[in-house]
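Consider the single chain below, provided in structure tokens and representing the form predicted alone.
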Amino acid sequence: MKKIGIIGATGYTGEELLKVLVQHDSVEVDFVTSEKDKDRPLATIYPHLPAYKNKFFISAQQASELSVDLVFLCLPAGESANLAEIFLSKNVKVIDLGADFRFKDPEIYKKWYNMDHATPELLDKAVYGLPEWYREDIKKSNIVGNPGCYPTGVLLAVLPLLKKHLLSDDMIIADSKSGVSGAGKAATSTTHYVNVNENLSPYKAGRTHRHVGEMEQELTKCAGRETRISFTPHLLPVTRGLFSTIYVKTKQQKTKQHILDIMESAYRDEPFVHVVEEGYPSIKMAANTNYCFIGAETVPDSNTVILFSAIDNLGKGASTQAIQNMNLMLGFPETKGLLT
């Protein structure tokens, strides 16, 4: 039995970790932290999770003095780096669900997050936590940067075509839509129910969203050349779910079946990625799971290919993917505790 800690357990990702880890019979949640709710029982916030009724929130400082096997950091950008260093010094494995360990270059991190990285010396040791593409590295790593929700959906759809060198140098265009839970628990005028309900709105369009840097890092690495993306996220009036429609140009005209065959070949043995041959993916397919559903369509008499990707933004886009990474890092079967 491995001991697990969760830093920042009152947000949506922390709650999702608690819900799913109950189903995992090889780990035990040893501590959960909240600075605001320190010393309060978990039952006051999560009465729907009776398995934790005897646990109390502690501070991150108290947690840093405890001995566990692995810790999840569910913190905003800039708050994970120093804590990660403390836990790593105690031989505790770290999975950061924030952005602090998704980048290899501290200058790229600074560009997109407007701050210096607190522990740039750790970036070379961190592995980008997309298991379908970096599984073997994740198994050997002590620190994993869990991917963002939008990059997860976009990358899983595009990377197989990039790996085959099928795409032209034209900019990739991604149009993505996420449930409101992706914005976190703190309500704003944008995420207030009155503004979200029966509405659809874009935000941070073009090349202004922070996830652009993360996506371009991985796209460029796979392509072996600079690869740029135009990305526009939208806010959907649903609680959870994320759908991406991605437009790419191939060097030569391809059939839909050819594209699907490449996807199927790339993910044939992957338990959590499914290629939709008939029809298209939808967010309902992926809701409350660790699955990614991908599909494709071609535009007649052109080199344009349209890719589709559906995930749960709190699942494969965050917490369940983190548990998938945990399984790899701790030597468990990759699917353990996750619906397959």
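Note that the coordinates shown come from a computational prediction; the quantities given were computed from them, not determined experimentally. Residues carry their position along the shown sequence, with the first being 1.
Another form exists, predicted in complex with another copy of the chain; not displayed. Remarks below refer to it.
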Proximity to another copy of the chain in the predicted bound form, single hit among 185, 225, 165, 90 (heavy atom within 4.5 Å): 185
Heavy atom within 4.5 Å of another copy of the chain in the predicted bound form - the one residue of 175, 261, 137, 85 that qualifies: 175
Stretch in contact in the predicted bound form with another copy of the chain, which is absent here, among 94-102, 226-234, 69-77, 129-137 (heavy atoms within 4.5 Å): 226-234
4.5 Å heavy atom contact, residue 30 and another copy of the chain in the predicted bound form: no
Exercise: residue 191 in contact with another copy of the chain in the predicted bound form, heavy atom 4.5 Å: yes
Partner proximity in the predicted bound form: residue 55 to another copy of the chain, non-hydrogen atom cutoff 4.5 Å: no
Partner proximity in the predicted bound form: residue 204 to another copy of the chain, non-hydrogen atom cutoff 4.5 Å: yes
Contact at 198, 281 and 284 by another copy of the chain in the predicted bound form, all three, heavy atom at most 4.5 Å: yes
Residues in 5-20 with any heavy atom within 4.5 Å of another copy of the chain in the predicted bound form: 12, 19
